[in-house]
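Form predicted on its own, single chain, as structure tokens, below.
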Amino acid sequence: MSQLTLDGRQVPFEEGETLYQVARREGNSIPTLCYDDRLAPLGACRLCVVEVEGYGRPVASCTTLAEEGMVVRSSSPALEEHRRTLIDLVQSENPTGVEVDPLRGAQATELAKLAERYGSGGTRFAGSTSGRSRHDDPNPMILRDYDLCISCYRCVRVCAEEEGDHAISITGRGFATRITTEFDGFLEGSACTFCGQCVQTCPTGALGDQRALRYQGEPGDLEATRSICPYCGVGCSLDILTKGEKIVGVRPALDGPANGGALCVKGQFAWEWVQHPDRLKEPLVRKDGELVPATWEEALDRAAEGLARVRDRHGRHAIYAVASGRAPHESAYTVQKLVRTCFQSNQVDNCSRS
């Protein structure tokens, strides 16, 4: 395995790794704003620059491949002053003092944390700002608060490179640069599928999860619990956000083996049904024309009697079962076993089958 010198230490690397990847693996916290593991390195923000012996100027570590024998410095007084100046410039684009609620997105506090790290208040280069929020967009899922936008283009790139939608793009130049859709319309009228990947990659909260933000005033500490999306059989990993006993949001797991940080519109935004007041919490059976609470034994006996009555009256082919794609494999097996063994029928299907 090849080696290079990073901050005075010999470290190994594999062919094809960038200096940023090597440094991060070694526990080095090189800052960046335009970087996302899922996207091709861009080197636009220039926060991740490092010094390499023999190079005339600092280079972006996210786009520079590691080479045998390189001598790299990831931190120096000159580099830290360079990064502080860049953060001050970026902060001047944002309203000073705005607190970004982590419910906006998985990486919404990246800029805020870097501003705290480098002591940037956003006033050093105060002046003109860019961005124009679209609070008039009626969609109930994605907040378009472009006053917080720093034109890192991560949202545009994840929409194109990961989702393949190309629903959002960039228009204008200089301070007129802004994120937009085709014909500057609403998201509902664009190619957007509301997967939410743009929300989860945004480092400033300019794009936010409106469903989750309904709960931003909920008391309690924000906690994340790893789980699996129940909507289909793909098995996307996600983190369920809670405050106390209440679910306040859902985020895709960036390290999920099946989804790699992606979710569909249902997995990302359709979670509030879990705690809806109309959700059934116990079995109900109909008595005298009214649905009333019952025990599981009574409900199962009633269901068995009904199925047997249909079979006896109309024959075994009157029974048809559809297994849920949200159920585990054991439940699907049990359904087909019930139909084939108890009713001698092969009329069983699954809603996941296209």
Partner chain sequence: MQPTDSELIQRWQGEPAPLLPLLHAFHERDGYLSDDALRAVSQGLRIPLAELFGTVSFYHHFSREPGGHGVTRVCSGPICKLRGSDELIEELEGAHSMACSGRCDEPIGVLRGGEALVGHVGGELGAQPTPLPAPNPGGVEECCFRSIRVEGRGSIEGYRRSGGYRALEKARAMGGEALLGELEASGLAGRGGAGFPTARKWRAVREAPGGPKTVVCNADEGEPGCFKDRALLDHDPHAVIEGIAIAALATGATRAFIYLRYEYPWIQEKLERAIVEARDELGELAIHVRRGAGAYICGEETALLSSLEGEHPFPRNRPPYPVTCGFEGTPTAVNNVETLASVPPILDLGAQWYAGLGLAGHKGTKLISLSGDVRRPGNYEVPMGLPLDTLLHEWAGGPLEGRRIEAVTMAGLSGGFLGRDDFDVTLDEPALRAKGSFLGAGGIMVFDDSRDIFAVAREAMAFFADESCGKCFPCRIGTRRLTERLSGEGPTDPSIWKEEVEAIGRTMSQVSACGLGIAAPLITTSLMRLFPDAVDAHLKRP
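Positions refer to the first chain, counted from 1. Keep in mind it's a predicted model, so treat the numbers as computed, not measured.
Form predicted in complex with its partner chain: not shown, discussed below.
Figure note: of the listed segments 170 to 178, 217 to 225, 98 to 106, 231 to 239, the one touching its partner chain in the model of the complex, with heavy atoms no more than 4.5 Å away, is 170 to 178.
The shortest heavy atom separation between residue 46 and its partner chain in the model of the complex is within 4.5 Å. At the 4.5 Å threshold, heavy atoms of residue 128 reach its partner chain in the model of the complex. Among heavy atoms of residue 116, none comes within 4.5 Å of its partner chain in the model of the complex. Contact between residue 183 and its partner chain in the model of the complex is found at the 4.5 Å heavy atom cutoff. Residue in contact with its partner chain in the model of the complex (any heavy atom within 4.5 Å), chosen from 73, 166, 266, 243: 166. Shown without its partner, this chain lists 90, 253, 143, 112 as candidates; in the model of the complex, only 90 has a non-hydrogen atom within 4.5 angstroms of its partner chain.
For the partner-free chain shown, 150, 151, 152, 153, 160 of 132 to 162 come within 4.5 angstroms of its partner chain in the model of the complex, judged by any non-hydrogen atom.
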